[in-house]
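As a starting point, one isolated chain is supplied in structure tokens, in the form predicted alone.
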């Protein structure tokens, strides 16, 4: 039964993430006054990529791509969906923070092994960006733990039940603002997308990926979207009364990120890290002090 739950939850997260990516592409196209592809285009892309010939450089690249996807899927299994997770009732946010790093490190290992300098530059920027957003993210999480006297995501989500006015977005507005900015960086959306800058490093980590490897990269990104928006829903929007309610809230959060992605220009990597250390970190610290005192 546990194995079936894991498979179903994994497929659900992948499907939702791919549909979100397709909807995001459609919204971006309309903002650019284009028609854009259908919302299910990302699903079609996966089937197309998985059927094409793939090129790999070595075993480390193969292992890294599998590790990246497996790490994000493992993280997803600990994220409660409308109060339910795959196999654990009290998902600890500290455990999730450790697991989230596995996906990034797996991708770093894979693309660095390719030997392409653009991929190496892109992944070095991505790891530097992690230094930028992990600090405000940790401070926000610490505030949630103090506010709820628990590090369980299930407890944090359950404490907001009963009414929309119980949501943490009203009780911790500064924490929400800091988390919104941090989420933009975690998802790699503008202005925090220096790691994939196509005009500079030819999409960075993705430059050497082809066929099945590019498909695995898209699947990894889809699951990361599900995990990160899912955390946001549980932290500030009361979780969800059912999976449909949960996914609708996730979609709203994701579309905010997509809209900002189409509005803002790209920061340089040093500008992005400096911005994250000053603004969302500062806002999160103020929220933490208000909660503590």
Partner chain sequence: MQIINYADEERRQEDNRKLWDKVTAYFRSRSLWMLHYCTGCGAMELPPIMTSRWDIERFGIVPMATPRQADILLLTGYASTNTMKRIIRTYEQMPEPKWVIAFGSCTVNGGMYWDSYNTVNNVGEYIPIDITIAGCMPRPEAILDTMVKLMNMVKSGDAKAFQKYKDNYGYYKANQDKLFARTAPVLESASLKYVHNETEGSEQ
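Only a predicted model underlies this, so the values are computations on that prediction, with no experimental measurement involved. Positions refer to the first chain, counted from 1.
One more form of this protein, predicted together with the partner chain, exists but is not displayed; see below.
Visitor: Is residue 41 near the partner chain? Define near as a heavy atom within 4.5 Å, in the predicted bound form.
Guide: Answer yes; at least one heavy atom of residue 41 falls within 4.5 Å of the partner chain in the predicted bound form.
Visitor: Do residue 260 and the partner chain share at least one heavy atom pair within 4.5 Å in the predicted bound form?
Guide: Outside the cut-off, so no.
Visitor: Given that the partner chain is not shown alongside this chain, does residue 166 nevertheless sit within 4.5 Å of it in the predicted bound form, heavy atom to heavy atom?
Guide: So residue 166 does not count as contacting the partner chain.
Visitor: Would residue 252 show up as a contact with the partner chain in the predicted bound form if we use heavy atoms at 4.5 Å?
Guide: Close contact is absent here: in the predicted bound form, residue 252 is far from the partner chain, nothing within 4.5 Å, heavy atoms only.
Visitor: Candidate spot 180, 187 and 221, all three in 4.5 Å heavy atom range of the partner chain in the predicted bound form?
Guide: No: none of 180, 187 and 221 comes within 4.5 Å of the partner chain in the predicted bound form.
Visitor: Thinking of the partner chain in the predicted bound form, which stretch from 28 to 36, 221 to 229, 235 to 243, 252 to 260 has heavy atoms inside 4.5 Å of it?
Guide: Contact criterion met by 28 to 36 only.
Visitor: Using a 4.5 Å cut on heavy atoms, which of 141, 174, 214, 158 is close to the partner chain in the predicted bound form?
Guide: The residue in contact is 214.
Visitor: Does any residue in 44 to 65 get within 4.5 Å of the partner chain in the predicted bound form, counting heavy atoms only, and if so which ones?
Guide: Heavy-atom contacts within 4.5 Å come from 44, 45, 47, 48, 49, 51, 52, 53, 55, 57.
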